[in-house]
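A single chain comes next, written as structure tokens; it is the form predicted on its own.
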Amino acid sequence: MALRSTGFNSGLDIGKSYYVATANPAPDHPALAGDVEADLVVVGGGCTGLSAALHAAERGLKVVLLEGGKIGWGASGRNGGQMIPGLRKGAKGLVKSFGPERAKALFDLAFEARGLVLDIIERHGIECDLRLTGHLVGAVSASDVRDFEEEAECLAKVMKFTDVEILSSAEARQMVDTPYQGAVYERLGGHMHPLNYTLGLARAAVGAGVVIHENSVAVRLEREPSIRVFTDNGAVRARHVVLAGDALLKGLEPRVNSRIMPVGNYIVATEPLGERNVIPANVAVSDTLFVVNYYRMSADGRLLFGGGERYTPSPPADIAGFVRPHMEKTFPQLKGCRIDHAWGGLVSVTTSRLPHIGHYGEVYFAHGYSGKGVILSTLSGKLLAEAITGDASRLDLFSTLTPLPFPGGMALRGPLYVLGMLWYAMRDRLRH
């Protein structure tokens, strides 16, 4: 895969990613040059934008997609690859916030993401190391196990969902070799190679007629007298625009930007572990810390481990050194093991930890998945395409979740968020 860089999303070592090293062959797409017209212009070549483009093109729209770097160069091609159905807010939280009826409607719609992604992978023959082995959440304290039991009860009673199992500490240890207090095992989870999935989604979109332009950073959005998105070398005029840049959207639409906070997240890939495999059940794993650890095995037997977050714009000077203490605290038996790949990326979170999806007139957007974007992003893109082509009923359900803006506006959201997150990080250290 070509590694030419425009400096877009630079400093986060995507070129050192395990995913880039094992990426399927993919074509380059030319940068936008001159002015073009379309029914829909999509800003962002990750899973949200590609899914919106694919589904809109399948509905007969002429679609142009602008990607500031390379396809999958943002969060979609850098993340942990954990396929976790649902929303960041659990069943209990949804019921408390929205009542049982609306909570179930939100839960059911979000859960559709799993089936949609699996259908796309099958229909388009996407090779992405798919493993439907489940997802395990490890409890770092005994009180977390009680929370699991209450959550499972709410899932069964309100959501009519029973594909979860509460595990004892010993049962959890059989699946992942670290001493959790217990765990909840979500049977319908799994994991995949997210960059190869994203590249496959791009191939499907091109096959449906979407025109993709890489290395084409959107620098300005005009809404009147019609939608126009400008790059340094051209512009796209369209009836509708989808903003799918997530944490990298910059200032194209302040009403959108003010409701998300970019957060740096970092991952390492060890050397192949062979008999030292620490996840014998090959499940995707995360824990109950607020600053969550998440990890899984790769197809070639490496541990892919994400740990720690950074709340300032600059990445750590040594990403491997930043993540290693989190990995070795979880797996002391891997102390000193070789790290072959280390990289980072920006994800976006919202004040509610629920996604921000909706539209202002003909400006559509979806982002703020708060760690649940691996499959939810594909569903969001489809919902945007449905709304643009005349059926906004399902999009409207999500658009009512609009999170509050971060306090202090664009200027102060960062410092205030850092203070809050440092408090939670301190609480994690006291619990673990």
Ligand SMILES: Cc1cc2nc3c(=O)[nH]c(=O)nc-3n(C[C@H](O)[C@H](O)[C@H](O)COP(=O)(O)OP(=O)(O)OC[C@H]3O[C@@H](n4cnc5c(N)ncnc54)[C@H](O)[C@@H]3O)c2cc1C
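Computed from a predicted model, the values in this text were never measured in an experiment. All residue numbers are counted from 1 along the displayed sequence.
There is also a form predicted together with this ligand; it is not shown, and the following applies to it.
Partner contacts here mean any heavy atom within 4.5 Å of this ligand in the predicted bound form, and among 244-252, 115-123, 152-160, 90-98 they occur only in 244-252.
81 is the sole member of 138, 358, 189, 81 with a non-hydrogen atom within 4.5 Å of this ligand in the predicted bound form. Exactly one listed residue, out of 388, 41, 32, 374, brings a non-hydrogen atom to within 4.5 Å of this ligand in the predicted bound form: 374. Under a 4.5 angstroms non-hydrogen atom cutoff, this ligand in the predicted bound form has residue 346 among its neighbouring residues. Using a 4.5 angstroms threshold between heavy atoms, residue 217 counts as touching this ligand in the predicted bound form. This ligand in the predicted bound form is approached by residue 75, whose closest heavy atom lies within 4.5 angstroms of it.
Using a 4.5 angstroms limit between non-hydrogen atoms, residue 265 touches this ligand in the predicted bound form. Every residue of the trio 47, 66 and 369 has some heavy atom no more than 4.5 Å from this ligand in the predicted bound form. Looking at 166-181, no residue comes within 4.5 Å of this ligand in the predicted bound form, counting any heavy atom.
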